[in-house]
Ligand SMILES: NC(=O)c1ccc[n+]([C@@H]2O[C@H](COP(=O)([O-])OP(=O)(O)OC[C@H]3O[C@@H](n4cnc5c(N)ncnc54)[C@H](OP(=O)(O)O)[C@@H]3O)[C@@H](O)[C@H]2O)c1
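Only one chain is included here, represented as structure tokens and corresponding to the form predicted on its own.
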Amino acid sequence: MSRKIGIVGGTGPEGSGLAARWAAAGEHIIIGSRDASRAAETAKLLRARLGSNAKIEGADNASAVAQCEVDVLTVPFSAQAALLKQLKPHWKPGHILIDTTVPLAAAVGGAPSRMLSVWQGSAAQQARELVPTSVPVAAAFHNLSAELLAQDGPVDCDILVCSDDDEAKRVASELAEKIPGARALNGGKLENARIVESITALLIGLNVRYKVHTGGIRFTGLPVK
């Protein structure tokens, strides 16, 4: 039986973009939402777009976590802590959490490009505190925009993966490289997520100044797989 990947908060642009890319690569996706009917509707729309063979379902967030081996958190920072506290009873040993959260705030009338201070050091480290110790946490996909995911064809972006757990890092890297054009890079320990998360604020600023919506990052001089 193939694994299931839960996209927690998956009805937004980032979550549905990742769901579509991974379903197109043959993964079985469960989209989670506070509203199960909204998740089901998003899943229906993605199946219509990808074809009847796409394995995408919808559920409430708790059900998505309960039935999946790998869960990807794609919610705004303002919702992260409350949702993880709510989901705490539903995690099982062996689950893997991949956190994509960036602690951003917007100036009045502006883009969300101001980094917020997180006591733990990063949103990923906050997530580490809020899930059971039996659930390893990886930080990834912060710099892959929803607009880039929504385009047809390959993306042009490196994905930095940070984790203190080798298996979580391996799974997150494998999922990154199921997205055509993406390359997973070992970003080191989970504490390095504070650096990776801050790159998102820089990218948003660059996209605004250069009037684009699909800017990503590439690191040069590294071995090509």
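Bear in mind that the values here come from a model prediction, so they are computed numbers and not experimental data. Residues carry their position along the shown sequence, with the first being 1.
The discussion below concerns the form predicted in complex with this ligand, not included here.
Since the chain is shown here on its own, which stretch among 150-158, 114-122, 88-96, 135-143 would lie within 4.5 Å of this ligand in the predicted bound form, judged by heavy atoms?
That would be stretch 135-143.
Hey, in the predicted bound form, does A79 get a heavy atom within 4.5 angstroms of this ligand?
Yes.
Test of understanding: in the predicted bound form, would V131 fall inside 4.5 Å of this ligand by heavy atoms?
Because no heavy atom of V131 falls inside 4.5 Å of this ligand in the predicted bound form, the answer is no.
Is it the case that S33, even though its partner is missing from this view, gets within 4.5 Å of this ligand in the predicted bound form, heavy atoms only?
S33: contacts this ligand in the predicted bound form.
I'd like to know if G216 sits close to this ligand in the predicted bound form, meaning any non-hydrogen atom pair within 4.5 angstroms.
So G216 does not count as contacting this ligand.
Taking this ligand as it sits in the predicted bound form, which residues of 69-100 have a non-hydrogen atom within 4.5 Å of it? Please list them.
Result: T74, V75, P76, F77, A79, L83, T100.
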